[in-house]
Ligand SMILES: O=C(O)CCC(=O)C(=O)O
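The chain below stands alone, shown as structure tokens; this is the form predicted on its own.
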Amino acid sequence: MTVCETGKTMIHESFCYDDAAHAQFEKRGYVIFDHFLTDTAIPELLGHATRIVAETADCISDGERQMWLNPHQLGERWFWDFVTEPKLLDMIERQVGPDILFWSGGGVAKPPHTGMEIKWHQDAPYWNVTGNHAGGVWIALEDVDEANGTMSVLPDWHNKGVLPRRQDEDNDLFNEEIEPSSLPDNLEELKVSYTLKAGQMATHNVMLPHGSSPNLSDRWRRNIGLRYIAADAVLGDKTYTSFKDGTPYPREAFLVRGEDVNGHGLRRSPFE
């Protein structure tokens, strides 16, 4: 079942990105919503995430198979239907205006006891994208906490600019981190760790430092992350690896609302 087939939304009727939510997003750099996915959407999306992990090609390393990116470019229509949900795009429009690109999204699946750590980083400088970013959208597909590798953010630090970075030699997949000396000494006291129930969502400013712990529990940790930007953005070249067969493919941005303001000939869907 997909949104396209049923015409039903996957977003909970109570979800509302209102003035209070936007004010916290602007001030603190993040906001958490008690309800985002419907009760039926949670197992449906979790089922897709579980299937993708199971179908990941054997040639892909254990580390790389924990992250799957841009499945809509690989024929996964359910994902495209989800990222273009009107209520979701309404939130993005509030953040960046009426002309919107969807440029990246996918999931991280951390297996029990082996799920990777992702060091502290800022999304915007890491992903080679320049423009008016919307907040990153982080959706829990199952209950998450620090034990099974949830994400933590550093409130109020989205206004610090680009922090010094270095290579993370321990992670071949996500190989960059903020220079530890640039983070506060009392980081553990200041950070906010997402303790979310399945179906909850958080959005964070793409300059907000964040990272996630390894999964040390007996549980999986699966989530979906989405990234949007204003349509006048400049996107540098980026190549991803297909989970289906391990071949490389280039990132493509799609115009999901509004106008192609720079006349780049942007497609509105990978399924045109």
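These figures come from a predicted structure and were not determined experimentally. Note that residue numbering begins at 1 and tracks the sequence as displayed.
Although not depicted, the form predicted together with this ligand is the subject of the following passage.
This ligand in the predicted bound form is approached by H121, whose closest heavy atom lies within 4.5 angstroms of it.
When this ligand is considered in the predicted bound form, Q66 lies well away from it, no heavy atom lying within 4.5 Å.
Contact annotation for W138: at least one heavy atom lies within 4.5 Å of this ligand in the predicted bound form. In the predicted bound form, this ligand sits within 4.5 Å of a heavy atom belonging to S212. Of the stretches 29-37, 237-245, 204-212, 45-53, only 204-212 has residues with a heavy atom within 4.5 Å of this ligand in the predicted bound form.
No member of the trio H12, H72 and R77 reaches this ligand in the predicted bound form with any non-hydrogen atom inside 4.5 Å. V108 is the sole member of I178, V108, L196, I92 with a non-hydrogen atom within 4.5 Å of this ligand in the predicted bound form. Just one of A134, M151, L88, L154 comes within 4.5 Å of this ligand in the predicted bound form, counting any heavy atom, and that one is M151. Along 207-231, residues H210, S212, R221, N223, R227 each place a heavy atom within 4.5 Å of this ligand in the predicted bound form.
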